[in-house]
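Given as structure tokens, the chain that follows is alone and in the form predicted on its own.
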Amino acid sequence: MAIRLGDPDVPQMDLFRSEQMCLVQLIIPAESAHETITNLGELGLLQFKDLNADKSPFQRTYANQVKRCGEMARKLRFFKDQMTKASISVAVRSAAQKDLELDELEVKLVELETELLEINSSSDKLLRSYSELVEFQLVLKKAGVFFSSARSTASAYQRELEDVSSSSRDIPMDIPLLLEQEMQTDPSKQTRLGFITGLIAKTKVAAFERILFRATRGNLFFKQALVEEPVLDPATNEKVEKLVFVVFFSGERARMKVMKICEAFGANKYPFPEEVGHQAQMIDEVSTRLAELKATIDAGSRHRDSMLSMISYQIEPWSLMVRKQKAVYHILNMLNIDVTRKCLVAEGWCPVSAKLQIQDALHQAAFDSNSQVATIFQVLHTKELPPTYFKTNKFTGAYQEIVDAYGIAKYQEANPGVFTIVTFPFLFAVMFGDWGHGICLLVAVLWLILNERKYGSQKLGDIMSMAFSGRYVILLMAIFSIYTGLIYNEFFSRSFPIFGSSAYHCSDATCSQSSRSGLIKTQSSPYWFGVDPAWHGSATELPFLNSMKMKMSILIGVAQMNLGIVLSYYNAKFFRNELNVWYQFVPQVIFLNALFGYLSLLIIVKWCTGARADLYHVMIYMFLSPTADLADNQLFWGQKYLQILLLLAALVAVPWMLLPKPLILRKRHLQKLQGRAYGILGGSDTDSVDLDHGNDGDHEEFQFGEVLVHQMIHTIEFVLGAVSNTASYLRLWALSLAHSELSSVFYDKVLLLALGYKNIAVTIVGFAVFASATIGVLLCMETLSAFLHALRLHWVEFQGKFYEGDGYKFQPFSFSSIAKEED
């Protein structure tokens, strides 16, 4: 297919200009509306307009259906949470299983949720009872040990008292004086102590004991025993380290205080029988009850797991169905409903090339729904700006995203994404030129490409996701880095005579270390490709490479800026805007090339002739003293007269950009007001003005002052930008120099220094440090730095010459995009 970039009547390449779009209207019978929208969602080539923008979501016709789908989506999220807690993964559904209708699915989900909630409720109650019985069992065992120990101690003490009373003649002096009073007291008059047993968290024991002591004024006895393993707390269902405690007190008031303090600290209280026989009986009963509860809980867990396993085979298709149906009802809510004719009216944008596919989908929907009336499809004519749609694939999509991050192209505006595929990785490589580092990048990105199916189905982190989505950008960045690295003749900062022998040799044996010795040319034919390896390590290496890279940066910058201006010409021709051709494109080309195009010519002539002219001096005195004699700075005959001519052309180009366009627009406006130019206003130039300003000229008041100020700003921006943008391209030289010097420092000061010690351990450490520095600094940080600088050169210096980027993206209703979304 022949491609004519400036002719709107000729089919364009897919990526250079966006697809031709049309506004269409659909009149859909009510009985086939759902099936129609579903088929269009499967096709994914129609962007619907909201015809009910003045209504809230709750006032729309299908609000209840959307609410139903939202409720079903909530149930499915609940099932997924339960599956995650049960460590059950989503399984692949068998192809033989039948799909449910939406109403059947709703009933099914309600039944499953009800059953699952009942199972969970029963399990929670059983688990709480089980945890309480476990704690009760611990209290019986720990407190039983304490009471048994206290009982044996009391028996021994009682026998000692009986021995003392029988031998009344010889009473030891160390027996307490109260012992005699206690022995003489009537047992019926002795105060009986009460006690409370339970469990409390280990972290609360100190405060719990302190509050008890203060509340009872020390009239208590507190005993505690540590539980060896954390126990499941009945209230929180979390494992907590706890202690079994026994609190002895005297009196009813003390008992009430202890009970309230236990409740405040969240201590679980359990009864404890005083009789030993009763204690053993209760321990047996609790153990039996625990075994029964354990069996019941396990059975419930197995039933729940089997139920969740069954759901796991269906949850993905169910979720997808619910998302699709919810999206369909959202679209139906955007349509106008004609009650009298029992139909729905839809409007939307679609590519012109997709009209037949859409009509086929509409006929299929009418057939599937047994509708007696087919959907009416008609194209509407409008002055509204259509959306922008580019057909991309996994290779071109990443480059288009780079452009879209700056701004979506206006409808059928020249797309810089076509040129970005080549220029972006090339500018990156100019700053990153080292074929050793390029090979490392290439190996890493080839691993991503070869495993793209694996990584494409996984959820990656932020950095890994960005690297994977831009894998084809990194691929070309690596290939171009190898290419520029071969030109620079740099492999981890080292040079190799790959393309033949060197054309130079050192003037003495120490020329690589000397600051005065240079290189002597030994053969007439130059080194075949790239920089001669003899320059690396010589005293003149840095001046030579700096001069070459700086001039090369200017040449690349001027070429890319000229490309941007040429694309502005194709935009003007495509939109039939002759004003922009004669009063924007032409003076911009003259101004830029009269100054920096001429500088590029001088650089090429100086390279070809080997002259020693000072180009700084030539460019400065071209403005300060254009008629002065050039002397040794003259590169060709007639250079002085050419410079005067170019300077005059640049001076003329400034008012050429500034004045004619506003004056012509003013003249046309006055002719329109006088009613003498309707035919002219109906032509192409008026349309071009409307496209420039983004409004309908018939309804917009013309303001000559605003137009003049706008054109003045545009002119000043271009004139100053021509200088600043050319200087901005020197970043190519600066970053290339920084990358080369960093690589050289890491090689000389780390790797060679470690090898000089001739020690295996030092060599291994030195190589590890060199590899870490190379990967961390040169392959990560320098890659990111060069990427960002190349991004700025494209967004500002290149796209600023022609790209408006004020359009909006074509976002069709498509089930394929819905399938990729997460709940």
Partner chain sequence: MYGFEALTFNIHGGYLEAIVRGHRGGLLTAVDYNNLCQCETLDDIKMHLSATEYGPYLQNEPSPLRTTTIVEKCTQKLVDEYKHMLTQATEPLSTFLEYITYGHMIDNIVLIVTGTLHERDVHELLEKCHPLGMFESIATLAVAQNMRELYRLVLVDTPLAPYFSECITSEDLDEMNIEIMRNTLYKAYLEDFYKFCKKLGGATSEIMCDLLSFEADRRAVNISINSIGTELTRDDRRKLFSNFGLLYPYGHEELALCEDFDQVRGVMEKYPTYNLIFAKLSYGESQMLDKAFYEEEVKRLCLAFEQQFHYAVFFAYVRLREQEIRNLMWISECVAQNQKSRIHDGIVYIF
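Positions refer to the first chain, counted from 1. Since the model is a prediction, treat every value here as computed from it, not as a measurement. So that the term is clear: the rigid core is the largest set of C-alpha atoms that superpose within 1.5 Å between two forms.
Although not depicted, the form predicted together with the partner chain is the subject of the following passage.
Stretch-level contact check against the partner chain in the model of the complex with heavy atoms at 4.5 Å: of 256-264, 651-659, 278-286, 422-430, the positive one is 256-264. Using a 4.5 Å cutoff between non-hydrogen atoms, Arg74 counts as a contact of the partner chain in the model of the complex. The closest non-hydrogen atom of Lys67 lies within 4.5 Å of the partner chain in the model of the complex.
Put simply, Met550 is far from the partner chain in the model of the complex: not one heavy atom of it is within 4.5 Å. With a 4.5 Å cutoff on heavy atoms, Leu555 does not count as touching the partner chain in the model of the complex; it lies far away. In summary, among the residues Lys454, Arg210, Lys85, Arg612, the only one with a non-hydrogen atom within 4.5 Å of the partner chain in the model of the complex is Arg210. Only one of Val418, Ala539, Ile196, Ala215 comes within 4.5 Å of the partner chain in the model of the complex through a heavy atom, and that residue is Ala215.
Applying a 4.5 Å heavy atom cutoff to the partner chain in the model of the complex picks out Ser56, Pro57, Phe58, Gln59, Ala63, Val66, Lys67 from 45-69, in order along the sequence.
When the rigid core is held fixed, the Cα atom of Phe499 travels less than 2 angstroms between the shown form and the other one. Taking the rigid core as fixed, one finds a CA shift for Ala235 of 2 Å or more between the shown form and the other one.
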